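One chain comes next, on its own, written out as structure tokens in the form predicted alone.
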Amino acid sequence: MAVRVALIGAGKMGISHLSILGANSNVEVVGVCDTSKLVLGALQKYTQFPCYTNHSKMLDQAKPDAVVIAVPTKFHYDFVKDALSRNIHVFAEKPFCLHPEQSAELTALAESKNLVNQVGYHNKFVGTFQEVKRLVKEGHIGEVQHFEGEAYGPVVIKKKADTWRSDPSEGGGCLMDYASHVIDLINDILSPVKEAHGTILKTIYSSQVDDAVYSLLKLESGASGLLSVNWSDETYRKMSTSMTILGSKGKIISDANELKVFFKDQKCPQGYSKGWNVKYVTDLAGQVDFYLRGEEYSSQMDYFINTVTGESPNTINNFKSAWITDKAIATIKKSAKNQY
């Protein structure tokens, strides 16, 4: 029997998720909710999806098994809690909540009700980063001595009219919106962030939020490294996220497209050799039935549906891991207090 899924929020990410859900043979889309008459008008004209302007009404009438929430972060707490209270499985976009206390409450609620709970940190489904995690966790590069987590892109490259991205109360700002992807990768591949020092939250074009984040991080494992993120870098065509990890036995340099690994000796994992090795995401990515913007987006949504049906464990991108990332964001923000 198909999983009955509803969508709240038909913006950029919401429409992407809707396309993937609509192509999944194990899914029946039973409702789409948004406040834009333009968006709903187009959906009503060109699709068969039932459309709503009130999410509570949709949940009551459509009675979905699961809901995908892709609205501004400031709404996550209320919308997720509303769905969980109705015993509905939840996939929410990142970052999870504006405050880690909210994330903790929702994590406990989802676990108490034994409901599937996931947050859209899609980099965990990128083949290169999955291989980086495997190499680190299996000890192939030895003890981690230093790391660098970076992301750059042309999101805010001029002063412009205020949007949610420029409003801290809505989850705007480079740290919350852009750097969260990198922080989540650091937490997952290496170890959760424990401390942040010397943090600079830099404004470039914005007036109310940060456009760049630079911070020295110490992890629970004891490893330390750098976070460097700038969403006002127009030398990049689109967002570029990368990890560099130096270990006692080798070094990893990886982005979403290419993985470079250096091993100091002959004792290497299968498929690698001493010295530099290069692998591409095309060598490492799994197959998906529907490709949109990258196989990782379909992979994460397929994983959510498979978790709802019991075919996959709820171990990747669950609320608990997103809560850990929210706590790290709060730690970094606190270390930069009074800087702007």
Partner chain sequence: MERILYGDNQFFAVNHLSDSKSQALAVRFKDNEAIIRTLDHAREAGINTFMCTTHDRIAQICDIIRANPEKYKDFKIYPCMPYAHKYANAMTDLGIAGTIKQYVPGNLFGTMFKGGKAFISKDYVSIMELLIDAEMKMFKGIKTPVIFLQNVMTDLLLGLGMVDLLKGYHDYIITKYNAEPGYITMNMPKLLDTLEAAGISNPIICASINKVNFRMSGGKEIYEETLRTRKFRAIAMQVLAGGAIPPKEAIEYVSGLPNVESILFGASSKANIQNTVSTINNFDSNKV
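Positions refer to the first chain, counted from 1. All values derive from a computational prediction rather than experimental measurement.
The following text describes the form predicted together with the partner chain, which does not appear among the structures shown.
At least one heavy atom of residue 49 is located within 4.5 Å of the partner chain in the model of the complex. Although the partner is absent here, residue 258 lies within 4.5 Å of the partner chain in the model of the complex, judged by heavy atoms. The closest heavy atom approach of residue 240 to the partner chain in the model of the complex falls within 4.5 Å. Residue contact with the partner chain in the model of the complex: residue 332 places no heavy atom within 4.5 Å of it. With respect to the partner chain in the model of the complex, the three residues 23, 45 and 288 uniformly fall within 4.5 angstroms at the level of their nearest heavy atom. Contact with the partner chain, judged by heavy atoms within 4.5 Å in the model of the complex, is confined among 250-258, 104-112, 137-145, 212-220 to 250-258. Scanning 273, 35, 315, 282 against the partner chain in the model of the complex with a 4.5 Å heavy atom cut-off leaves one residue, 282. Site annotation in the model of the complex: the residue of 156, 80, 119, 151 reaching within 4.5 Å of the partner chain with a heavy atom is 156.
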